[in-house]
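Take a look at this single chain in structure tokens; it is the form predicted on its own.
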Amino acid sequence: MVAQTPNDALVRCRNLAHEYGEGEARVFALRGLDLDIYAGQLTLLVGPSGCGKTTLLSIIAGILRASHGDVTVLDTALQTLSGSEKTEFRRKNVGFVFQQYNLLPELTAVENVAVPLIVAGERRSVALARGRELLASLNMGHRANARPQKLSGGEQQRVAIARALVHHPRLLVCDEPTSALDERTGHAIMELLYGVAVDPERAVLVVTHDSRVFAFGDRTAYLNDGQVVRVEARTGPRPAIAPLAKQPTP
């Protein structure tokens, strides 16, 4: 494998700091953090509760502006963007997968998947066709017309992954995607992320405290007290990923 350098990174964080509150109530969530994230890899952010994982994820995704420091995503310095520019950047380049799925209950699975394309101005028929195609690739074609309340937790997470990928983002961020799932279903979801999301042109960033899925990280950044205390690269082979067509539906 060719050694990677910071210049190859899809995401570069330098001296990031973030604080909440003022005066005696001020809390430092990040303290001069540096981190590089590469395309073609699944990077895990792990550490104890309150160590800054979700804050870092939010800054990288352009949801939160850092108090200090620089974050560059796809050669774009996020700290230089206005609010509307950052919204447009997220819409084009970032996909989100959340712990609680965040599906719209009144919409079917395929309609939920199509939402990002429709919001971006795509014709409804085209967006729904793309949504059906993506759900089928995730073994969810037979559930395309079901509403979220009729889906299992694993099925809802598959819909959420399809929604996150429907607009072909270069950066996929996942906040605790397996913590609400049992071990088998969580493992299947990580296999799914690895099988369909990790791409030579895409970086996948996963915040997790679920040690059951640590083996899926190509690189694992360990955070503590707002800093990256170490980064470990995979030393062994990647986990064996079952062909998608043979995976049981969670």
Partner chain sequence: MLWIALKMLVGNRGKYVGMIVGVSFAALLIGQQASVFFGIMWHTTSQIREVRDADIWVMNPNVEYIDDIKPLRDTDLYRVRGVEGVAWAVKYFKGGSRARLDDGQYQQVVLNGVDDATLVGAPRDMIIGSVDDLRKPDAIIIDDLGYRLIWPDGPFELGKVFEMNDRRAVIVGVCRIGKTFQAFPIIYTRYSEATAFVPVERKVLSFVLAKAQPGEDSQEVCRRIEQQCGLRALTRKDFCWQTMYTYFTKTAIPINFGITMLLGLIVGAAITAQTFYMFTLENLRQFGTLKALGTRNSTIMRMVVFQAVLVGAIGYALGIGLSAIFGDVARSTARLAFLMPWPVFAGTGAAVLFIIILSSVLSVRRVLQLDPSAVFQGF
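Positions refer to the first chain, counted from 1. These numbers were taken from a predicted model, which means no experiment stands behind them.
Missing here is the form predicted in complex with its partner chain; even so, the following discussion is about that form.
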Practice item. Would you check, heavy atoms only and a 4.5 Å threshold, whether Thr54 touches its partner chain in the model of the complex? Key: yes
Exercise for review: Could you confirm whether Ser58 comes within 4.5 Å of its partner chain in the model of the complex, counting heavy atoms only?
Suggested key: yes
Review point. Heavy atoms within 4.5 Å of its partner chain in the model of the complex: does Glu106 have any?
Key: yes
Check your understanding: Is Arg124 a contact residue for its partner chain in the model of the complex, using a 4.5 Å heavy atom cut-off?
Key -> yes
**Study point:** its partner chain: the contacting residue among Ser179, Ser152, Ser137, Thr87 in the model of the complex [heavy atom, 4.5 Å]
**Key:** Thr87
Review point. When its partner chain is placed as it is in the model of the complex, which of 220 to 228, 34 to 42, 187 to 195, 62 to 70 ends up with heavy atoms within 4.5 Å of it?
Key: 62 to 70
**Study point:** All of Asp199, Phe214 and Arg234 within 4.5 Å of its partner chain in the model of the complex, heavy atom check
**Key:** no
Exercise for review: Output the sequence-ordered list of residues from 149 to 178 with at least one heavy atom within 4.5 Å of its partner chain in the model of the complex.
Suggested key: Arg163, Asp175
